[in-house]
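A single chain, nothing else alongside it, follows as structure tokens in the form predicted on its own.
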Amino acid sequence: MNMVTFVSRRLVAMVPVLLGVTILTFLLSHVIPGDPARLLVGQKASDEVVKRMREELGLNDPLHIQYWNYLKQLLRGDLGTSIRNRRPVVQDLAERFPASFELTFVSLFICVIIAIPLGILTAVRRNHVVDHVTRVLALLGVSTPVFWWGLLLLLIFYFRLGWLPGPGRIDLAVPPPAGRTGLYILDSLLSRDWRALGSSLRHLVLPAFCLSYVYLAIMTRMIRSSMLDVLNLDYIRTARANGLPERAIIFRHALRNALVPTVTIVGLSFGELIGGAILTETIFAWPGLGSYMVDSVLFLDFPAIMGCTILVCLIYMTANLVVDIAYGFLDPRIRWG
């Protein structure tokens, strides 16, 4: 099976998965106790006002009718209108997604550039001091809550030392860079707004490091384990017996095979980070998808909840597809099928 056929089949298989996600999310979001109409008009509003608001929002229809109406809108590319702010959900997601994407991309970049050399070093120097120190740091990263790291970083580097800025994407005195992508770093580079670029990069340091620490620990241990397995294989022993330099054995022969399971972690982490950085975005007041989903759940904003879930689901499925395609390039023994 060639790659085009494989991708086509996977895209077709995404349709029932996405449909199932919409059904489950719609049912779960509508069984949450509470009345979004009451939250919207206020607790002191009369029952008549609440009734009219429910009629306007279509909440008086049977549940299957509400889902069918939403599904027809979805097929037209319409994610509905937010109950909370009366704006199209597509517009809200378009404004929030770049912030989450930028934070996720920088966090994964930090993970990759640190985890790969650190994982190789700990595998080559197994049971040495660097291996033990890395194991302790990885254990701290996996076991410590993200919100604790976020508050600790703010306390040390913002409140105490004042080296880095606090919450937000950019300084209040600095206008956002001109551009259409919503990615402050990219827009700053394209518009040559160096002031906005410096402010954006400084604001990214703390939330990106906080978000990347957990996955950095996981990736480091994964690369170490994979490298140890590969270094004990017969073809590595043969290469050493033939007198190949150790550097060539590690980076040219062992690392490529060891990266196969790591690609899975990187791809799935991207989907998880872009929609699951709720605590990090809340602590650092980052205007991304995570904070948007929290507000949507608190206000029982059904269209916004559905829109966020569908977007994150699409990102997960796309990341999984990219990972499977990358397998074929990393390991010739793996075929798309």
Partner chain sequence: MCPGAAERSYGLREMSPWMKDFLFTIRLVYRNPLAMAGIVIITCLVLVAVFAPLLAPYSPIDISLDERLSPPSASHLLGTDEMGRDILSRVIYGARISIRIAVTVVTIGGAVGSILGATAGYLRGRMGSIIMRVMDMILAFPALVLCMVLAAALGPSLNNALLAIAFVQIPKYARLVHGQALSLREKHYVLAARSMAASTPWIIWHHIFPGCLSSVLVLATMGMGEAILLAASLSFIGLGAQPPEPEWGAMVAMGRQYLMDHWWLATFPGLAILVVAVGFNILGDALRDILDPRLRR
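Residue numbers count along the first chain shown, from 1. Being a predicted model, the structure only gives us computed values, none of them experimental.
What comes next is about the form predicted in complex with its partner chain, which does not appear here.
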Can you tell me which of 185-193, 146-154, 115-123, 201-209 lies within 4.5 Å of its partner chain in the model of the complex, counting heavy atoms only? 146-154
Quick one: Leu28, Val31 and Ile305 and its partner chain in the model of the complex, is every residue within 4.5 Å by at least one heavy atom? yes
If we define contact as a non-hydrogen atom of the residue within 4.5 angstroms of the partner, is Val12 a contact of its partner chain in the model of the complex? no
Indicate whether its partner chain has at least one heavy atom within 4.5 Å of a heavy atom of Val312 in the model of the complex. yes
Residue-level question: is Arg180 within 4.5 Å of its partner chain in the model of the complex, judged on heavy atoms? no
If we define contact as a non-hydrogen atom of the residue within 4.5 angstroms of the partner, is Asn69 a contact of its partner chain in the model of the complex? no
Looking at its partner chain in the model of the complex, which residues in 290-309 have at least one heavy atom within 4.5 Å of it? Met293, Val294, Val297, Leu298, Leu300, Phe302, Ile305, Met306, Thr309
